[in-house]
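Single chain ahead, written as structure tokens, the form predicted on its own.
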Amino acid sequence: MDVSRKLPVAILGTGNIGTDLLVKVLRSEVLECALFVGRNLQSTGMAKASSLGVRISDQSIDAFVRNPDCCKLVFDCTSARDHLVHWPILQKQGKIVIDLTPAKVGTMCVPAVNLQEGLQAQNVNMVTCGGQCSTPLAYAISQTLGKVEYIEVVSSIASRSAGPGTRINIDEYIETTQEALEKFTGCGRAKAILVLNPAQPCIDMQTTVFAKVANPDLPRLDAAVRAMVAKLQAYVPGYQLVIPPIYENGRIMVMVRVQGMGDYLPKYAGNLDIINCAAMAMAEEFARKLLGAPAPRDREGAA
């Protein structure tokens, strides 16, 4: 492989998530940002991109209609409703789309769990921030202990880290997170709860997973959870195990905390950082696949 080659990508959506993602793309060894697309040239995100020498456009999805050859892969960082409009256009152009909205159009992907499945899809849905945080733990529980009768996930995030896009998509967030939990565990009943915490100073993202199982083998589960946490940390450095698996009141409980990398967003915004890190992990694997580069050792063998 020519190490000087990078996969051209575009970012659609210039809010907090899109701008933080831009900083991550610019640091990547295999991706380059060919276009940063929004609706308002005066926005903070546009100003940041312009200052970094990135080509910008305020034409939204029309930017791709007018310049269909600008990139191979598009990150959609807008909203679930907007993604339903964007996808048919990008699909027709043959773009690989990594959807960071809870639109549930494409293949749900959590890189630590089903990265290889995601690589076969043209539209990859990154579930939700809570889904990226909790699904690997739920998956480890189901794979280790067998049938899960009921699973519940409670994520607390700093209120200041929940921007307009997050608040508009609350219902979609809940539905998509629950669907991912059911898909990856085989559990027929799942519940997701999101708490916006107004505390000052702002708290880091914290997620607790509760699971009702018939076989609470804690030593086996502890090993599986720690292995999964290590897998997450390969692409989400701030993912930390706070409470290892315990069994009480007939339920397994495990808790994690996520601190962001602080690229563009504050470190307490781990909820936004984790979905961006997951999207980057997916995009970089697509780039390696298309450019013919070997996968990093720590991601080889991902299911």
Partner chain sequence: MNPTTKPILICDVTLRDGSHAVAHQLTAAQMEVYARAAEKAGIGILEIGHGNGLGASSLQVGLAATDDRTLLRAVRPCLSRTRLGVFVIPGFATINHDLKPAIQDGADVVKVASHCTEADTTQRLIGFARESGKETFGVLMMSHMAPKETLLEESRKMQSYGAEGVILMDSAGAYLPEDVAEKVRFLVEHLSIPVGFHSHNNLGMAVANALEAARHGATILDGTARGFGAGAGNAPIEVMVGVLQKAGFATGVDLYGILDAVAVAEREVITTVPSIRGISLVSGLAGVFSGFAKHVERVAKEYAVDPRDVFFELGRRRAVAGQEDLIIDVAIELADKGGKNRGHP
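Just so we're clear, the structure is a prediction, and the values are computed from it rather than from any experiment. Positions refer to the first chain, counted from 1.
What follows is about the form predicted in complex with the partner chain, which we do not show.
With the partner removed from view, the residue among V127, V113, I96, A192 that has a non-hydrogen atom within 4.5 Å of the partner chain in the model of the complex turns out to be A192. Taking a 4.5 Å heavy atom cutoff to the partner chain in the model of the complex, the contact residue among L196, A227, I89, L84 is L196.
The partner chain in the model of the complex comes within 4.5 Å of a heavy atom belonging to A211.
Taking the partner from the other structure, the partner chain in the model of the complex has no heavy atom within 4.5 Å of any heavy atom of L26. The closest non-hydrogen atom of D69 lies beyond 4.5 Å of the partner chain in the model of the complex. Taking non-hydrogen atoms only, S159 approaches the partner chain to within 4.5 angstroms in the model of the complex. Stretch-level contact analysis of 231-239, 59-67, 29-37, 244-252 against the partner chain in the model of the complex, using heavy atoms and a 4.5 Å limit, identifies 244-252.
Every residue of the trio I170, I203 and Q206 has some heavy atom no more than 4.5 Å from the partner chain in the model of the complex. In the model of the complex, the partner chain lies within 4.5 angstroms of at least one heavy atom of each of the following residues of 172-186: E172, I174, E175, in sequence order.
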